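In the block that follows, a single chain appears as structure tokens, in the form predicted alone.
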Amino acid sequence: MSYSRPSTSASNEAPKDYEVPHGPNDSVSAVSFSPVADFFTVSSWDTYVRIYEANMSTGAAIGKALYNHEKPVLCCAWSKDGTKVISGGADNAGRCFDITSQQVGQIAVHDQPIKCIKYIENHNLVLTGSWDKTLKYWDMRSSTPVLTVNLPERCYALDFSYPVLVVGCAERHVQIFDLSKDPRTPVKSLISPLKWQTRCISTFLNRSGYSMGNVDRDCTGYAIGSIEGRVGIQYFEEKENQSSFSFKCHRENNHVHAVNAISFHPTYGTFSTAGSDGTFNFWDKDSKQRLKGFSSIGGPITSTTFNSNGSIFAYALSYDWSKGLISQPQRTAVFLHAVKDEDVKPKPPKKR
């Protein structure tokens, strides 16, 4: 399956976006927006988590705080109320930074680096996924996990739209949990539909679930990206008007690039992909077409995120080790892209 798309590279627009000042000194592992305000975090291999405030009306971003791990930081996220930042790193520790008090404390520990971290607001718990092949749920007031779940392999990526949690592991394992029933046992244990290593996972809702105030926010599937320039759209239930498929992207002639990040738009349910080729695109999974493409920014994009209303798209330029050890260090930067409605709004299917 391939998406409908213009056939020439001239259709790709060169991004002209705002560069966030005082950025990291090493590769960016994750960028994450607060769910309640235009604050965002940047975690980096330079051991720091930086917190910024974005103001698109003035076209600026201001550094507000930073804290550090003892080794590279591999992930970051926010609490639902936007008062806390959580992060995990290669020091095997999970940490929490309180925005109000500016205090940081350790809240989690694993036997190996923590690759993924999320705040499960429905249970007031922090979830960590590690290369030690476990998921752990933490009450931030306790030094011992509430629950430990064994995985078939190392945790590489995870995402959730409550109550559904999807975890991507090494060797292409995918575990799907229903957190409202039994978080200990996956309801499905699958092998990725993609033939190569999983790089990113992002869950999505039914289309009506993105409408403001709509209580029908059922998680209906997930998008999974791999190192071979391919994305799979996987539905939990196959229906007449929705069936799982995969498509190629982030490829240039015979060069195949990793898909490093997938982010769903919070209002329209369309989504972005970004890759090692330095490009990002906006897609509509329902009409199976690319909505907008942007030309390369000159280096890999390692992470992306939309703000709470989808008007700002943040992305990180940094080396992703897709070419192994290199002699010349590549530039690291974080950019803010002002999202145009026509670039992300769903479109009717094209007539074939």
Partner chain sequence: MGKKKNKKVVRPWCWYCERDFEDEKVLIQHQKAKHFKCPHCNKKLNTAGGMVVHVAQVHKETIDTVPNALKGRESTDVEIFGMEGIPQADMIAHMHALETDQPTKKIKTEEPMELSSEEIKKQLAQHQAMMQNSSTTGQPFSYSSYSTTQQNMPSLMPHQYSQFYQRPGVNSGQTYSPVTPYRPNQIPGQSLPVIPSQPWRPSVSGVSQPLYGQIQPATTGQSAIYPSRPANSVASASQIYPQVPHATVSGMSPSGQHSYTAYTGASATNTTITQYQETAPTSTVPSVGDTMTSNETTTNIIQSNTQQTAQKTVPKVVLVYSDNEVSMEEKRAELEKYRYNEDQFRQQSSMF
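Just so we're clear, the structure is a prediction, and the values are computed from it rather than from any experiment. Residue numbers count along the first chain shown, from 1.
Although it is not shown, the form predicted together with its partner chain is what the next lines describe.
Enquirer: When its partner chain is placed as it is in the predicted complex, are 87, 126 and 286 each within 4.5 Å of it, taking any non-hydrogen atom of the residue?
Expert: Not a single listed residue reaches its partner chain in the predicted complex, so no.
Enquirer: I need the one stretch from 247 to 255, 179 to 187, 158 to 166, 75 to 83 whose residues put non-hydrogen atoms within 4.5 angstroms of its partner chain in the predicted complex.
Expert: Among the listed stretches, the partner-contacting one is 247 to 255.
Enquirer: By the heavy atom within 4.5 Å rule, which residue out of 197, 102, 122, 148 makes contact with its partner chain in the predicted complex?
Expert: Of the candidates 197, 102, 122, 148, 197 is the one lying within 4.5 Å of its partner chain in the predicted complex.
Enquirer: Is there a heavy atom of residue 27 no more than 4.5 Å from a heavy atom of its partner chain in the predicted complex?
Expert: Residue-level check for residue 27: yes, a contact with its partner chain.
Enquirer: How about residue 139: is it within 4.5 Å of its partner chain in the predicted complex, going by heavy atoms?
Expert: Flag for residue 139 set to no.
Enquirer: Quick one: does residue 38 come within 4.5 Å of its partner chain in the predicted complex, counting heavy atoms only?
Expert: Residue-level check for residue 38: no, no contact with its partner chain.
Enquirer: Does its partner chain come within 4.5 Å of any heavy atom of residue 95 in the predicted complex?
Expert: The answer is yes: residue 95 has a heavy atom within 4.5 Å of its partner chain.
Enquirer: Using a 4.5 Å cut-off on heavy atoms, which residues of 133 to 156 contact its partner chain in the predicted complex?
Expert: Contacting residues: 133, 143, 153, 154, 156.
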